[in-house]
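Before any questions on how it binds or moves, here is one chain, the form predicted alone, in structure tokens.
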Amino acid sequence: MDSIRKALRLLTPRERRRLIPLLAGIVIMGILQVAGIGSFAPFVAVVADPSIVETQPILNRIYTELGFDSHFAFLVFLGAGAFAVMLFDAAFRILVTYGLHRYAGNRRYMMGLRLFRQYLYQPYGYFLDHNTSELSKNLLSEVDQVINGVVKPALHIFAELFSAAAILVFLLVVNPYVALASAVVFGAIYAALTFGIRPLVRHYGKEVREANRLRYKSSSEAFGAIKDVKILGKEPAFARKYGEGAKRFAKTQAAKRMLSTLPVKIMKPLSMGFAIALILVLLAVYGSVVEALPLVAIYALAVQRLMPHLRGLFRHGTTIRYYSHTVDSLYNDMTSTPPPPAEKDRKLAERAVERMPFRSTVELRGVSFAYPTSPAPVLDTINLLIEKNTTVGFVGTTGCGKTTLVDVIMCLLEPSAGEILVDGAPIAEVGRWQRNFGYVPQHIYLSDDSVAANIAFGIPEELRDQGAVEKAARVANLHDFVVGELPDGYQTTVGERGIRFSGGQRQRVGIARALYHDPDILVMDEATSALDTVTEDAVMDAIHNLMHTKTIILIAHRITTVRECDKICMLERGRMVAEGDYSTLLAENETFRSLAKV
């Protein structure tokens, strides 16, 4: 029940309201099933003793008022009526089953979309602490498991439970002693099976989550670093790692199926034994086959209808327990993280494309930053002034805090202490401030799409500005390559993660992407480190052409990259240890000279 409650809480109020007609259909379905069983009783009674038409008041009234003059004709009428009720029951069952599957399918779509948006709108720091393959697994696998393993089985349990209860109530009306005996026998069997295998089911449910995580993680790592895998010959290692997870997954799935079918194998012979005992008891009580036959037929049909419901209760209950760890994980993700903006707020945000004004300066006053998992600060009391349309370079050894400092300036990370001022005022709207930036990372992600789509990243084709695409490509020294060497020009597909492009070409696509929106501030996070000297010089010439028309922040791998900067800031262990232009630092700072290898 805890898993069912959590799954229901993952639904919106509107989605829970849509359950009402579905549950009403399930109730009607149970009533129709009992009606089908009940309609069979008069037919069997007349077959056993045609003279009952004269002695049974209800049958006699129907026989008389409908003008029958033959017991056989009346028998045909009763048989046709019973068949019609059962046919209608089957048709209605199909309709309700379709509604159930459609509801589950729509919830799978909506829950997956909500979870994707939940992840997508988390702050940048969230992704530093979470493995993306784990997030992908939750989206692509565990949402399905929650729907198919908890939501759908919960609806099925309601249907099976109501139908089974309706049949038992019907039997209670017909013969309370036999009905109570049936409930006690089958209830005891069900309880023994349920409590007997519950620990195994929960154990294998926990196992399947871990096995699935290993499968996603190993495949994501192998395909994400396929060049390294090939060069180093690590195919066997990754295949073995994936195989371990796949083997555990297969083992737990096999165990789950065995445990789910256990009641069928156990309850089938037990129900047959109970049916034989029931027939013998009824024959002993009524003394003759003719008198006992109608009741035997009703109970035989009722038990035949009851058994699938009992098996279904067990199977669906087992499935929910099996996926209880999955629903716990998804529930925690969707309730412990800040929710994404509401639909109306998201649409407003999409329309509000204007940037926050940036007229003169960006100032950092006493800014410090520490990751939650790190005892030491990554940035320690940074004071910095960046003037508009100047070029600022950050240099220092690996791990000195250069990239973290830029992430703080772009408000991807929130300072632990200190403040950031733009034109002398605190940043009021982070989203609007971030629209001022064009960012070029060291490693460019390219989607398996056209060159134009990768430059105008995230913009639908119908809204894409081809002129802006080509302008950005020219500045990045990419245009001549695209139109001169690619078969379809800007419509050429770059391949997954840009596998068909060289490192330098991918980097230039990234630079063009950063320039597409004509940002006020261009950040290059060691963006030329993967380029050869000639290509880097060409790119830097383009960047130099932008100097004093844009604010440019360079994180340098090679000191020569920042030679033309108006200001160079040198960091060491998260502190600003020197500041000045290239010639000043070269003359006055020994550490800078060693980095410049002069």
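What you see is a predicted model; the values in this text were computed from it and never measured. In case it trips you up, residue 1 is the first one in the sequence shown, and so on.
Although not depicted, the form predicted together with a small molecule is the subject of the following passage.
Enquirer: Okay, which stretch from 155 to 163, 354 to 362, 397 to 405, 320 to 328 lines the small molecule in the predicted bound form, with non-hydrogen atoms inside 4.5 Å?
Expert: That would be stretch 397 to 405.
Enquirer: Which listed residue (A239, L128, A84, L421) meets the criterion of a heavy atom within 4.5 Å of the small molecule in the predicted bound form?
Expert: Filtering the options by heavy-atom distance leaves L128.
Enquirer: Only one of F223, Y371, Y121, F77 gets a heavy atom within 4.5 Å of the small molecule in the predicted bound form. Which one?
Expert: The residue from F223, Y371, Y121, F77 that makes the contact is Y371.
Enquirer: Answer for L168 alone: is it within 4.5 Å of the small molecule in the predicted bound form, judged on heavy atom distances?
Expert: The answer is no: L168 has no heavy atom within 4.5 Å of the small molecule.
Enquirer: In the predicted bound form, does V378 have a heavy atom within 4.5 Å of the small molecule?
Expert: Heavy-atom contact with the small molecule at 4.5 Å: present for V378.
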